[in-house]
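Taken one at a time, structure 1 and structure 2 that follow are two forms of one protein chain, written as structure tokens.
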Structure 1
Amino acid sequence: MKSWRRQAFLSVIIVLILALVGCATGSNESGNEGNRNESADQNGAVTLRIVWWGSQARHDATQKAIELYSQKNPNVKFEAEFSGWDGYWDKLGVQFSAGNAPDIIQMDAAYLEDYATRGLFSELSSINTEQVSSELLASGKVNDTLYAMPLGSNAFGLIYDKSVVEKLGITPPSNGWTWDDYFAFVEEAKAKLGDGKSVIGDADGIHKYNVYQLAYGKGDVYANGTFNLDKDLYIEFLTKMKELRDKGAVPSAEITSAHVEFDPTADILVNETILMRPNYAAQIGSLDSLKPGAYGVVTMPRASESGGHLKPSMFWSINKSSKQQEEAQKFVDWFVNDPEAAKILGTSRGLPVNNSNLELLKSDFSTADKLSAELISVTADNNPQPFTPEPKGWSNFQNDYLKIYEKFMFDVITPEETYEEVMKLAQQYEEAN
């Protein structure tokens, strides 16, 4: 009896000492890491800290999914922190510098490269990505290593007013069409439309031109973190735009400036001033709500290469200093691939990246969601371009670019002069960063 007690006492002491040493070495290894990450205890119980931003609907869906995962894996518990976009990145930055960042982190394309290159994320090696398109997956890679698991997908393609096209009696555009087909379609439609109506919008954002440059194999304008504008191609494209504007196939500068996207009266696609424009798949809902059932989707025109790309909505990344690497990856894998999870999550993070889950959900989709899914799948089927995020610090470039382009629209400057001014602007941005 006595010896038994002494043994028990001794073992308690030993465990305590070991625990203390463990903590000490743990904090030695990971610098000034907080206690909250020391969450695995002897019986395999694990607590995962997970953070995301988003709408209340996303919070609800995610919490339900987490609950289900805990039910299926009783050893895993979650500490969830969620918020709106505001403050999310400030808080995350502080948490990382304080060493108590969460285990699983919702990521945005704009921040991914920054965090990944700083070595804050683990490689996602044990996640099944069979059902995820490789182009989309590439968007989660930094230096060919997967640091972020895409969760929802979005595609850049064309949306056109099907009802008007049908009324005109012209052949609707088909997926995989070329820029030549595109311009032919514009000419044909303009001929039928007559005066006062146009076919396509002006190229008032760099993204529209970017598709052209990508199709002709000259790469993304933001490739490799520098501003990569092909002079000849750019001038050619702008000249074509001017030509179409003069013909009335592109609306006049006045009309273009009055355009307010998704405004019930001021959106030129909605008010039928034009009948086609580039759009992200996720925005189809906005258009469909304004003119339900009127729109169709088609891939971006191609040339030697395709013009469209797939864009991830957001990602899960895993904190490199998390103690629960394995469990965290297991959860992310489940989150992306499990059909039950997909059912609960729905489209709370955009259309699911897992293709079989997408098929599973389709029956419940609204018309807008179905159209989005269609655009994503046709874009994916036509060798999409990799998604290139805007370089850091360039978020205002669009606004400044627009000011130069407006001058071109109003015929204040020629295409060549426009090129010069844009390059000058780009140089300022490059220098600033």
Structure 2
Amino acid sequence: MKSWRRQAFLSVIIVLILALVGCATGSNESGNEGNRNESADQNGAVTLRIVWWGSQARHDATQKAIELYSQKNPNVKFEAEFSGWDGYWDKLGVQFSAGNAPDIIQMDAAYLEDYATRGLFSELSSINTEQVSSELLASGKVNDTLYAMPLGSNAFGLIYDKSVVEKLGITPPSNGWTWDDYFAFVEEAKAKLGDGKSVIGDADGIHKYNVYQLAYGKGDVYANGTFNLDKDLYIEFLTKMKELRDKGAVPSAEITSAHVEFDPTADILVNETILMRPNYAAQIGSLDSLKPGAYGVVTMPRASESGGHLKPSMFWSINKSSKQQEEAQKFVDWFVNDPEAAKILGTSRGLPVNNSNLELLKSDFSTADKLSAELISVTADNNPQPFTPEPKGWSNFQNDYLKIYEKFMFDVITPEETYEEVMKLAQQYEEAN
């Protein structure tokens, strides 16, 4: 079943639920305030349901932070829900459809517009944003209204195993390098690695191709809410990937399909099946915890333009149907701005967005934190591309795209046929939205 059809169905359900809620409670603010107050008991005790995805380190840090908040605010208790990325969005969609979504929700840029334009999130009108850059803050706005509070700074770049590079005697990649430099590095590294080892992972995600298109001045694949895939450049890129896969510089389709990111044994960068891959700065800590001190960072390759970009790592959003709007906003404000919270959370969600807290933490940065900060810094210095989130209704496109790309990896379809199938898929999404 097509994911876009499932999403369209869920959208209809959500709209119907919102309509019923509107009929039941009325649209005036006083009616809404009455409903919000109902969830507090007679002693003023409040329970906030909060949900997030991430690594065990993020989970532990967040639990400690909410425990501290409850100590400082004894009337506030939390029901925390935590998971990995897989399954998070399906579960959240079902919760909203059932009218049972949490009060505070960790949100990603890929889904923000979709949820906000359906009227599912509250405006974050009482959050102190004085110490947050306007560029970062803008990433949480939809139609100039703040629906999501950025929680960390992030950058998209390359992470490589410097311990292996040193062992092979290869000159490490340098910031500002070109795509020609990149492919020359791949060829040199493969010659020294020999059989059974590869250099880079496959481009099994549209974002991994997008940096190539951006670098050659063809614009983002999500341009103005429509799908902008340059045919000649895309086929050229896939042809190059097939050539490298045939040489063994890119792993076989079987190996790529078995990869599990951040798994100690199944992650193909961690187990040294490959040497380098694109990742976000906020993910470096997870890699470093599996192989401490092994990794280096470098900017995405460029051509006529940069291919790398800066983005928020993630956000907090507040369910508009929550009966505890004031308490939820107070917590988000504390989470972002309080120095004690910053010390507990560290860089578990990327570098802090509050500039004062960032300065507070710098002296205690771990090796992984310093690498994250380095990747963000060098990307910022390399004329990064503006961040473009997926448009409304496209949040499942990545999953459907992967199904097509897998056929290309297994040599079932050619680069030209891959392009045709991707464009047909994009047309379905455009028609559905």
Partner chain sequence: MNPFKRFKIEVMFLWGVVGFMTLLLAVVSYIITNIVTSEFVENTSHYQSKLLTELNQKAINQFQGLEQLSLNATKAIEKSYVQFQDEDGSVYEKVMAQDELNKTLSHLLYTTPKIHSVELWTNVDIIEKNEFVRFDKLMNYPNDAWAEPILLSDSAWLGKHAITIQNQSNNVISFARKLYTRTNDYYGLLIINTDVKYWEEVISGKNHNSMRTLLDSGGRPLLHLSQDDEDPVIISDFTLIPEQDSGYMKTIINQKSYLMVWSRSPDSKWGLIEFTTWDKMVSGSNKIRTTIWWIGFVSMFFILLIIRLFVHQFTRPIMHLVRLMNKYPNHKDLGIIPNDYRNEFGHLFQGYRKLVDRIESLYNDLELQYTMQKEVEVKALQAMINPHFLYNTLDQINWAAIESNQTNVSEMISLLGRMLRITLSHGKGLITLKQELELVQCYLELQKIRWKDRLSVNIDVPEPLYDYVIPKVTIQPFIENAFRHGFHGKEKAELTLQAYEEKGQLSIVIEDDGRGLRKGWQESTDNSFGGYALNNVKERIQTYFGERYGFELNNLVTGGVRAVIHLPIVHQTSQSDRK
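Throughout, residue numbering runs from 1 along the sequence of structure 1. Small disclaimer: the values here were computed from a predicted structure and weren't measured. We call the rigid core the largest set of C-alpha positions that still match within 1.5 Å between the two forms.
Label of the structure corresponding to the form predicted in complex with its partner chain: Here the form predicted in complex with its partner chain corresponds to structure 1.
Treating the motion between structure 1 and structure 2 as two rigid parts, report if E430 and M409 share a part. Per C-alpha fit, E430 goes with M409.
Considering the two rigid parts of the chain, by what angle in degrees does the smaller one turn between structure 1 and structure 2? Relative rotation between structure 1 and structure 2 amounts to 41 degrees.
Per-residue CA shift, A98 (Å; core superposed between structure 1 and structure 2): Residue shift at the C-alpha: 19.3 Å.
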